[in-house]
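As structure tokens, one chain now follows by itself in the form predicted alone.
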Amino acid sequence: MKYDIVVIGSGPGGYIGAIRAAQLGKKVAIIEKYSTLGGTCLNVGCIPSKALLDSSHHYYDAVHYFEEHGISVENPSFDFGKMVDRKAKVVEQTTGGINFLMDKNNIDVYEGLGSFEDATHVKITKKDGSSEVIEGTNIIIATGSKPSTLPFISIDKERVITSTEALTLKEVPKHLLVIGGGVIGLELGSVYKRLGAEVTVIEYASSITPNMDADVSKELQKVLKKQGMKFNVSHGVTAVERKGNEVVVKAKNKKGEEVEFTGDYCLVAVGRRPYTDGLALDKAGVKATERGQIEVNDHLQTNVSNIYAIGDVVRGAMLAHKAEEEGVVVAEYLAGQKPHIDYNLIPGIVYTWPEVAAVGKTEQELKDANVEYKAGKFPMRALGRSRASGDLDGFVKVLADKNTDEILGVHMVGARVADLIMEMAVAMEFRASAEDIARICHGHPTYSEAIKEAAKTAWDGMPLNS
């Protein structure tokens, strides 16, 4: 079979790129190694983790907050098996939806491992060992990423686990050790902390979420610590040993002293690596770095003119929504359009509670670039909506150019900020000023009023409600 576009990988980047290409009149095929479509995000990442986060959040609220709302629930309990089953159903429904979209858009789906025969032919090896070859005028690599580890850590997938196994445990850990204080570690740590586990985070950097704004990291650590999570920053892990049903993690603190942590499970959440295993890139002549990251130009085109790469296998943040945008960009570019992505305006989100969200530059990045800026910060607890719901933690911070007032970065911690951040992403896409946002009427009472107040503080230094 010959296609206009062959997509290898059916994660958010791959399936969205395939759909957009089909919408624009291209004959499209998509190749997926696994039996379900949707990639890491839908199967063992974004979607299942949010399902467990929501379930555990409901239970946590029942234990800690229902009483103050006048709701009596005697001895709240949970069925962990049912939580996991619900998560599985959510995943099944979501991945099934991708099958529907493939049919709707007349996209041919091939199950098997895709590997290059040359620059235009892809071999599909099926589970039974049989294979077939299809041809693509253009090929899009969208094979995503896999969890990273450290060279000295042996992932046994039983007690020493990655995020994949953490989503399918048969029990709630008594003491979960989390190596890595980034998004994945904090989200999954939150799930099990809410369900009664002791959770200890061990982070090499001097703060959790080290790539986010320093104020955000500080606030999030304070709130999660209040919830009972333990943090050990500036700790470099040196060894992980399993002893029966116990795991011992050894690390050196900032003084160089060796310390030990013991738990019954250890989640290794030190990031992800591009996944290009089995692609046979060399047969197509595609260049990749030693880490497996594929090199692309501004059009996401590799060094081989008809082959493109998107998502976690290329530079930039490993985020599902970034991959989706890149899939659309490549499809539209191949259809003769002139799409664009502003990588500065891709939001970053942490789905703890309170949530964390950011878009644009951090304060440190502005300082490093010698940009003159002003900052406006407004606390969530000053909002009537926050007091009504009891979600008092967090703030909104707006960074604006000192001379032009253009918004350069926005950083939030609070209830529903994962959704609120998009107001500022849109505003920044149109190069809004802090005054612009301050003068827009925001509904009352809403969490979004914190955005208006923070923008006003950045603009003229005079918030109305604090």
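For clarity, every value in this text was computed on a predicted model and none was experimentally measured. Residues carry their position along the shown sequence, with the first being 1.
The same protein has a further form, the form predicted together with a small molecule, not shown here; the description that follows concerns it.
- In terms of contact with the small molecule in the predicted bound form, the residue from Asn138, Ser145, Thr94, Gln293 that brings a heavy atom within 4.5 Å is Ser145.
- Looking at 80-88, 126-134, 308-316, 379-387, the stretch with residues near the small molecule in the predicted bound form, meaning non-hydrogen atoms within 4.5 angstroms, turns out to be 308-316.
- No residue of the trio Tyr59, His64 and Pro354 has any heavy atom within 4.5 Å of the small molecule in the predicted bound form.
- The small molecule in the predicted bound form comes within 4.5 Å of a heavy atom belonging to Ala323.
- Taking non-hydrogen atoms only, Ile202 never approaches the small molecule to within 4.5 angstroms in the predicted bound form.
- For the chain shown alone, Gln301 is not a contact residue for the small molecule in the predicted bound form, no non-hydrogen atom being within 4.5 angstroms.
- The closest heavy atom approach of Pro12 to the small molecule in the predicted bound form falls within 4.5 Å.
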